[in-house]
Each structure stands twice: as C-alpha cells, then as structure tokens.
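The chain below stands alone, shown as structure tokens; this is the form predicted on its own.
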Amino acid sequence: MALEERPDAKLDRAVIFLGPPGSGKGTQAKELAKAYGIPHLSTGDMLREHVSKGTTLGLQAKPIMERGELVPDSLVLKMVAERIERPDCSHGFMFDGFPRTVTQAKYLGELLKQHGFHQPLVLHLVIGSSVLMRRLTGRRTCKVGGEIYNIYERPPKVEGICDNDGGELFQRPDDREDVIRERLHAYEKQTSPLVQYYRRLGFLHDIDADKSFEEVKQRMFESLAGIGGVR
C-alpha cells in the first residue's frame, strides 16, 4: 500500500525541510503533514500571525521581516519551544522555516530529546537560483486558508481565486524581487551550513526540487518510508 494511503503511519519525530525560499518547503510540508495527521509548523506563518495580531513578538519582528532579514533566535526559539509542547505534536510534526542556523538546530535537538522524540529526518530540497526567482515572484497565497499557488507553474483554476475556498490570492510583500535577493543572500550566509551539519549527523536526505510537484512529493514519501521508527 502506498504510504500516502496509510493514515495510521506514525513518525514520532520531527521532519525538517531545508532549502532556500521558493524551493517548495511549505507546500510539501503541508502535504506530508496531512498524510500523517500531524501539525505543519511554519515559523514564517507563526510570525506573520503575531505581526497581524500586533503582539509584542510581532511588533519586534515586523521591521526585520519587512527588510527581508532573518528574525533573531531570541524571538523564534521562545515560539518554537511553546508550540511543540502542545498535545497535537505528540506523534511528530513537520517543520519548514526552522531551524535556520546551526545554533537553532542544536537547540531543537535538545528539545526533541527532552520530549522523547526519535532523531529528526531532514529533507534537503536542492534547486537552482533562476528557478527560485521565477517561483517566488509568481507565488500567490490564499487570504482565507493559506493555500499556495504559482501563476507560472501551479496556477489556480480561476485567476486570483483559491480553488478550495474561493479566497482572494495575494502576493506577500517578501515575494518582491528586491526582498527575494536579500532573502537568498541571508539563506546562503546563515542557513546553508545546516546542510553540512545534518549531513555529518546522518539525518540528511537530498531531494531534487527542480521536478514536478508530484515527483518531489513521491520522493519525499519514499524517504520517509525508508526511515526506521516509522510505523
């Protein structure tokens, strides 16, 4: 039976998506989280929620995010620690957008040990910069359900309208070309060392993300199926 058809499969671990902005982390994480019945945790979504609600954390993060820079650990780690302690995370969760640095990865590793999870699985999405720019400038997000589309590669059936709930699609401010270039630079400088860190630990699985959505998803299911502890 295909792994997608096994709603009783248990991960009991964190699945971490590594890859530059636009590599498909968010979309694929949602798909796999749905298949396993576990939460999809996006620090980006969490931070945007804090910004929209005007929380103390949101007010601190807003100017940093608008500049396309990475939000500092002091803000992100508090949010992550609280979130994974909730009951819905007891059988595992999908992370995209975290960790971004080796420091964050070490902190997360300690948190996972404290909560009795298996070693994390890290899915590394590999993709070229020219493809990334096209994907990001073409990305549109539903205002209602948060579904992600791309006007070039994965457009909605009706322009500007979400297929699922009819919500309006919009372009995030951080998907502008000038902000994208800054985000990619920040990724290369601060986040790419995670690849070598997790590779040394033996947790890393490279995924060719310059493929169709379905091909990438299937490759991820195969990686999950080959991990001990998944049942």
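Residue indices: 1-based, along the sequence shown. The structure presented is a predicted model; accordingly, all values stated were derived computationally and were not measured.
We do not show the form predicted together with a small molecule, though everything after this point is about it.
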(request) Could you tell me which stretch in 155-163, 71-79, 112-120, 125-133 has residues with non-hydrogen atoms within 4.5 Å of the small molecule in the predicted bound form? (result) 71-79
(request) Flag Gly44 as yes or no: does it have a non-hydrogen atom within 4.5 angstroms of any non-hydrogen atom of the small molecule in the predicted bound form? (result) yes
(request) State yes or no: in the predicted bound form, is some non-hydrogen atom of Arg172 no more than 4.5 angstroms from a non-hydrogen atom of the small molecule? (result) yes
(request) Please check if Arg100 has a heavy atom lying within 4.5 Å of any heavy atom of the small molecule in the predicted bound form. (result) yes
(request) Flag Met65 as yes or no: does it have a non-hydrogen atom within 4.5 angstroms of any non-hydrogen atom of the small molecule in the predicted bound form? (result) yes
(message) Please identify the residue among His205, Arg183, Lys30, His50 with any heavy atom within 4.5 Å of the small molecule in the predicted bound form.
(response) Arg183
